[in-house]
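Before any questions on how it binds or moves, here is one chain, the form predicted on its own, in structure tokens.
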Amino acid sequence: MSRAVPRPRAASVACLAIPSLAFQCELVERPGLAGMPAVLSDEAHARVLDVTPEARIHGVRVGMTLRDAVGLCPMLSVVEPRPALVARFARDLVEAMCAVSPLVEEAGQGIVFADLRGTEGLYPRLGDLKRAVFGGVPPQLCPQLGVADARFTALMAAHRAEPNAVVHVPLTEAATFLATELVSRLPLEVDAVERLHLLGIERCGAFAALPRAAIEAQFGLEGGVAWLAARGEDPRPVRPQPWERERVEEHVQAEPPLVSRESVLHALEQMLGRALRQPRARRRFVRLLRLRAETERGALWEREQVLRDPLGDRGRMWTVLRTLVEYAEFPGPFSLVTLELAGLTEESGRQHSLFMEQTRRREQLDEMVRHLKVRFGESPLARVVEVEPWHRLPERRRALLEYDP
């Protein structure tokens, strides 16, 4: 009888990955494409972004034009991207990870990290963690989960995991596990990766074998971080958005779709009133306003405004929202509009200008000089101005002029 595998105590980072999230979302929405040759096109409907294994058999490859792809496979199904659908599934992935940890970071669409420190008692076995995460993800998306002690190792583990499976990499095996990965996966700029290729360094194992001092001398601090990541010691923590958990949302499903700007503003005003009446938002202040709208064809329109001072007044919030809408161009009629008030706080602080003290001192100086000019008949202060900065004699380079505010 097999026993459950205990969760390793060293594992502190989990990574949930959905390779090619845009394509997987379309396959979930259109199950008839399963087992058929199909490709995902770009927004210009010109080139191939992703392909199914059945289309790859006919010679269809990522990057070729749709005309060439259809020529190779006349029965090819072409799927257009729908950013609104992808964004909706991406939010579901974040919520699935939030179910296991309060510290969650969305590193990109289809890549979500979670800090697992402190959750050992809730999920003592890897199977418990897997069920908790995959319970909020449609299995048709083929989610992959990686668990490790460092961020980069967890990401690579997720990429190597089978669909609907989890891969754990112990700390002692991380360097060996990462040795065969391409250096292009490391957190390095494109030009740095190209320089490594010119030096004949293609894999993380060869990169990690170099002296750290030499790497940092060539690539700076970024190179040092990549060197640690290649050894399984990635120092980068999970960085969650501080306001993502404290928020309220309101939605309007428009039928027929909202065509005019006035109708969008009217729906938005109603949503703002409902959002502020929610129990979580009462007597609270808002740090972030976010608008999200979807068209009938799946196009996505988003705007957000981080408020310099948290607002609790409906009128001032409405002024900000109205400005976001009045000067925007819409991709089409909206069938779904979402308003999000995030970063809810109990207090309202005021952020002063960094240069306010300097400005105040300058005004005091000018006032003092004006009093001295009245008393002595002329300004007792002078200011230094450049006259001939290129001259070889220092006294010819600058001159003193009367300071007259």
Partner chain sequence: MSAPHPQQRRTAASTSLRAIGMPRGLLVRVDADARPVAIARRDRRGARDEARVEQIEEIWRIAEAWWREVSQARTYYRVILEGGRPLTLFRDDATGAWFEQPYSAPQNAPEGAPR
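Residue numbers count along the first chain shown, from 1. Here the rigid core means the biggest group of C-alpha atoms that line up within 1.5 Å when the two forms are laid on top of each other. Keep in mind that what you see is a predicted model, and the values were worked out from it rather than measured.
Just so it is clear, the following notes concern the form predicted in complex with the partner chain, a form of the same protein that is not shown.
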### Task
Identify whether the partner chain in the predicted bound form is within 4.5 Å of every residue in the set 34, 70 and 74, based on non-hydrogen atoms.
no
### Message
Suppose contact means any heavy atom within 4.5 Å; which members of 377 to 392 contact the partner chain in the predicted bound form?
### Response
382, 384, 385, 386, 387, 388, 389, 390, 391, 392
#### Entry: Rigid core fit then residue 381 CA moved by 2 Å or more between the shown form and the other one
yes
